[in-house]
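The chain that follows stands alone, in the form predicted alone, written as structure tokens.
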């Protein structure tokens, strides 16, 4: 009898024992304001899970993709991996990420924006911190151009740009990205989508970039750029902060800079304009940070426990509040009064509801490059909008068949 009880106790102990040890996490939050928050979240997780240590490796967006690819090639990925939304499909389609479909079911209703993480109806990553591009306006310069409110139509934005053209080179109406990899396409796509265009057909087998709507969008974008300040994203953000730009497309990082060092001029954020100003067409680009577990992780259960911890509403609210990021993926976190009481944060959340992400495809990085080359060729008058998009569509269709 005593032996039976002892055996039962041993079995219970073995079954209830939680996985412990070291967990490796690769992530991108390295700036001085957010890295301490990452350290605090890791410490909180370790306190809630005695016996577990999280080893954090910092990546940069400049070389992170290459390092991750090398790690997968060497068969030595981390246990948890932060991925940009555009990268998930590439690794998932090569069977490098764990299928999280059954595990993610319990989180589906609580988190937004699963589309970039879904391939063939299977989920390969969990949305964590989202981001949208929207318009930033300098009210002083709007008034200088005779505008009482922000433009909601394309022609109003163009008119603003033209009105301020006489003050160049000190002041510009609009700031546009020059040639800059991984950024230029995010500025053109809102115009494409607002015009009713698409990159690919619904079945993903045909490029639609050179449709009449696509040509209309690129023609307008090129005309807008002719009178605009062309620079890198960082330089455009700096020009806006210095009061030299009436409008620019940017992300939450610019809002953070404005909040940390309020300028002397009045500013606001607004939804992207559309050809006719209709709300449902004021589309923008959305992406974000997702959490994936590599298929070769040896701590899969522990990794999932860490992912669940990071996306928990209380932890998302804490991270986003202190990092001044307005778009947590958690529905409950977005409803926090911190976000709803700030008009600019609310704009980000509203734009997110109207935003799209790039279509998931294993060749997306090459498709993205073809789009950017077409925009550049049209911007710098090497080809007409139609010629540039026809050539891009031919390249992309070849990729889709490969």
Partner chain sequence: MAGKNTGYLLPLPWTLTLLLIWIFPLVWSLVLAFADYNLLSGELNWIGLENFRRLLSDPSFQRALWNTFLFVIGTLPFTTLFALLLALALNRPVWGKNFFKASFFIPTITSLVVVALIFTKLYSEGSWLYRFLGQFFNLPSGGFLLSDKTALPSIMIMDIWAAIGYYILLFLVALQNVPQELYEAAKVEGANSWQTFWAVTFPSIKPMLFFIVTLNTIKSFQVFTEVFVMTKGGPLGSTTTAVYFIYEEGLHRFKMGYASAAAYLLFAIIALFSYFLFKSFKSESEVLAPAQTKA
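Numbering follows the first chain given and starts at 1. A quick note: this is a predicted structure, and the numbers were derived from the prediction, not measured.
A second form of this protein, the form predicted in complex with its partner chain, is not displayed here; the remarks below concern that form.
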Legend entry - Whether 65, 179 and 376 all lie within 4.5 angstroms of its partner chain in the predicted complex by heavy atom: yes
Inset, instruction - Mind telling me which stretch in 352-360, 65-73, 338-346, 27-35 gets its heavy atoms within 4.5 Å of its partner chain in the predicted complex? - result: 65-73
Legend entry - Heavy atom within 4.5 Å of its partner chain in the predicted complex - the one residue of 260, 278, 94, 106 that qualifies: 94
Inset, instruction - Name the single residue among 170, 301, 202, 149 that comes within 4.5 Å of its partner chain in the predicted complex, judging by heavy atoms. - result: 170
Inset, instruction - Decide whether residue 238 counts as a contact residue for its partner chain in the predicted complex under a heavy atom distance cut-off of 4.5 Å. - result: yes
Inset, instruction - Tell me, yes or no, whether residue 332 is in contact with its partner chain in the predicted complex, where a contact means a heavy atom of each within 4.5 Å. - result: no
Inset, instruction - Answer with yes or no whether residue 90 is in contact with its partner chain in the predicted complex, where contact means some heavy atom within 4.5 Å. - result: yes
Inset, instruction - Indicate whether its partner chain has at least one heavy atom within 4.5 Å of a heavy atom of residue 229 in the predicted complex. - result: yes
Inset, instruction - Quick one: name the residues from 360-375 with any non-hydrogen atom within 4.5 angstroms of its partner chain in the predicted complex. - result: 365, 366, 369
